[in-house]
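Quick setup: one chain, the form predicted alone, written in structure tokens, and binding and motion questions come after.
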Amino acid sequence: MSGSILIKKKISRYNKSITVSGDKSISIRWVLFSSIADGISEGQNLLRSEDVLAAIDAIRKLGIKVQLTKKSCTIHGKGINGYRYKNNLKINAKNSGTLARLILGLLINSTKTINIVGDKSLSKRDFKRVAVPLSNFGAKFKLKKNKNLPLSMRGSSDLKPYKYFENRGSAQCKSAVIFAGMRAPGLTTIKAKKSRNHTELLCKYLKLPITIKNKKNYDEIKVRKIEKIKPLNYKIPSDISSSAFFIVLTVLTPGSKLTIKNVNINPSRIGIIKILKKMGVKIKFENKKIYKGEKNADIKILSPKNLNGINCPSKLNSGAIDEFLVIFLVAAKAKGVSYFKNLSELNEKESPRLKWGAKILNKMGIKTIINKDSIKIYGNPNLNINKKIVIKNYLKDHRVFMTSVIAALSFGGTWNIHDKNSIQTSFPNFLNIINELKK
């Protein structure tokens, strides 16, 4: 990945309507579910990012036929036991933690060794957290340094159900165990801290043998072995995480209005909306509808005259975990001190994002106090940057790149932001939409 972008002036106020790319979490899950369905599934508005294309490449290696056209993706599922396992098969998850962790649950019945590799950033992330619960079903794992990729796994033809307590709020670990439970005889029980629930909603829509009880602080999920999955035709809604960058750009650009069309507003994903409303931002959901179990709507944002600092409730963290970098930019312009805590999960992402959030703010001239899982941000409502800022060596984390672009367009200064190709992993169309808003 290479290339850099130079931004020398702020964006002018705008009043626009845009559509952002398909939701990444749902796109990857659709690919995986369709690969084990009985028959042909068609997906529209599938995100064409490196992460999603890696998922398509993975199922092709497992013997599943996929046809990609400009408008759609067709997957010829071969049923729950349709994967063709070859010994020492290598699956490259590239930058996708979602793919790398979720597919392990589906591969748990392979009696041949399968190797999972990833890029430099993904290879530094913790895979012990998913290998340990999956080992309890009967799979065997070897991990680099007992924690990282590359890993090799060998599943079992004699799987056992498992009782799993997920206490980090990781939807990826929870989903991997759900997939494993779909392959194991008996009853798999999961007690999971609240996190995004796209996997469960797809299971319910497909009428799979899964029950979910929503308790106050956690969800109790029970999964039984499945025999058959019906094909899943799906028009994928726009991604709230991708939308977040334009929501924040609108918030920080005085006099601006923006409508983002048909965005997934799953309650487990809209932490950023709840946080920004508490800070004084006017955001409305219009044209709300339920589509195959998921809530979608148009999001309307109006730039506020004033922003207030926030002592952010930790209960909102899991619903905004991918958006905190841009939320920190709003705190930089807010009146007073903002405090965000219990964010250790941020440093388990593509880069140590909590540290990078503080680093970007410090380069902008914003005072922060940071420790291993919290940050205090001393806002400056009159912030206007007149210096040169260089952003580089951030492990090619796409969200660091996009956050830096939003900061440059919002606060001024001359920004040289490296590794613009990092956006290919999640949001290849990002700079095209930025250019639309500049017109």
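Source: prediction; values computed, not measured. Residue numbers here begin at 1 and follow the sequence given.
What comes next is about the form predicted together with a small molecule, which is not displayed.
Contact segment among 331-339, 274-282, 225-233, 163-171, judged by heavy atoms lying within 4.5 Å of the small molecule in the predicted complex: It is the stretch 163-171.
May I ask you to check whether T250 falls inside a 4.5 Å heavy atom distance of the small molecule in the predicted complex? So T250 does not count as contacting the small molecule.
Would R129 sit within 4.5 Å of the small molecule in the predicted complex, counting heavy atoms only? Residue-level check for R129: yes, a contact with the small molecule.
Proximity of S243 to the small molecule in the predicted complex, heavy atoms at 4.5 Å: Heavy-atom contact with the small molecule at 4.5 Å: absent for S243.
Test of understanding: in the predicted complex, would T98 fall inside 4.5 Å of the small molecule by heavy atoms? Yes, T98 is a contact residue.
Quick one: from A297, M364, I321, I310, grab the residue that has a heavy atom within 4.5 Å of the small molecule in the predicted complex. Selected residue: I321.
Can you pick the one in R183, K349, K78, K94 that has a heavy atom within 4.5 Å of the small molecule in the predicted complex? Selected residue: K349.
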